[in-house]
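Next up: a single chain in C-alpha cells, the form predicted on its own.
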Amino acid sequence: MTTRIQKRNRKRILDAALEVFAAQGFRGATLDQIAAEAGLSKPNLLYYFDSKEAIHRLLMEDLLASWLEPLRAIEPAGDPRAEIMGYMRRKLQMSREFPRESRLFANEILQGAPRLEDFIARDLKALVDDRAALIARWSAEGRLAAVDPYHLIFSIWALTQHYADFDAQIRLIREGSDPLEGAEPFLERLFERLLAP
C-alpha cells in the first residue's frame, strides 16, 4: 500500500520533472536536476522512479490523456460553429492553465517526437482524421464555410498553444502584461469569420 508520504514524494518528483522537462527538453534534463527541483536526493528519487525515461513516460501519458479530451469532446450532433469555437476556447484555456505541459509536448515534437511517434501516427492521427471528416461533412452540408479541416485543426493548435509555448516572447513584447489578455475575443472573431457559411 502506498503511504501518504510516498504519494506526496511521487507528486513532488512529477511536478519537478514537469518543470525541468518543460524548460530543458528530454535530452537536456537530468535526474540530478529533477531531484534538486523536487528537494530530494537522487537516491531518494530513484526509489520512486528507476530512470528519467520512466518519469517522462508517465508525464506524457498523463498529458496526452487530458490534452486530447477537448478534441474528443467535439459533439457531432452539436452546432458546428459552436463546437469548433468551444474547442478553440478549451485549447486556449489549457494554454493558460497548463503552460508547462504544453511546452513539454512542444519540446518532444521539436525533437522529432521520438517517444511519441507511435502515438501520433496511430491514436492522434485516428482522432484528427475522425474530426476532420466531421468538419468536412459540416462544410459539405453548408453548415460551415468550405475550409480544409486539417489546416483548421492545425491552426487552432498553433493559435492557442503559442500563448503557452512562446509565453516569454509575448511577455517581453507586451511588457509583462498577461499574454492571453484579449486573445479570446480576437480568436473568436477570426474563427467566426473563417467558419461562417
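Don't overthink the numbering: it's just position in the shown sequence, from 1. Note that the structure is predicted; figures quoted are calculated from it, not measured.
Keep in mind that the form predicted in complex with another copy of the chain is missing from the display, and what follows is about it.
With the partner removed from view, the residue among Ala54, Ala158, Ala133, Leu46 that has a non-hydrogen atom within 4.5 Å of another copy of the chain in the predicted complex turns out to be Ala158. Only one of Ala35, Leu58, Leu68, Ile170 comes within 4.5 Å of another copy of the chain in the predicted complex through a heavy atom, and that residue is Ile170. Using a 4.5 Å heavy atom cutoff, none of Gln6, Leu18 and Met94 lies near another copy of the chain in the predicted complex.
Looking at Leu14, you'd find every heavy atom of it more than 4.5 angstroms from another copy of the chain in the predicted complex.
Taking non-hydrogen atoms only, Arg137 never approaches another copy of the chain to within 4.5 angstroms in the predicted complex. Although the partner is absent here, Gly78 is not a contact residue: none of its heavy atoms lies within 4.5 angstroms of another copy of the chain in the predicted complex. Within 4.5 Å of any heavy atom of another copy of the chain in the predicted complex lies no heavy atom of Arg143. Along 85 to 119, residues Arg103, Phe105, Ala106, Asn107, Ile109, Leu110, Gln111, Gly112, Ala113, Glu117 each place a heavy atom within 4.5 Å of another copy of the chain in the predicted complex.
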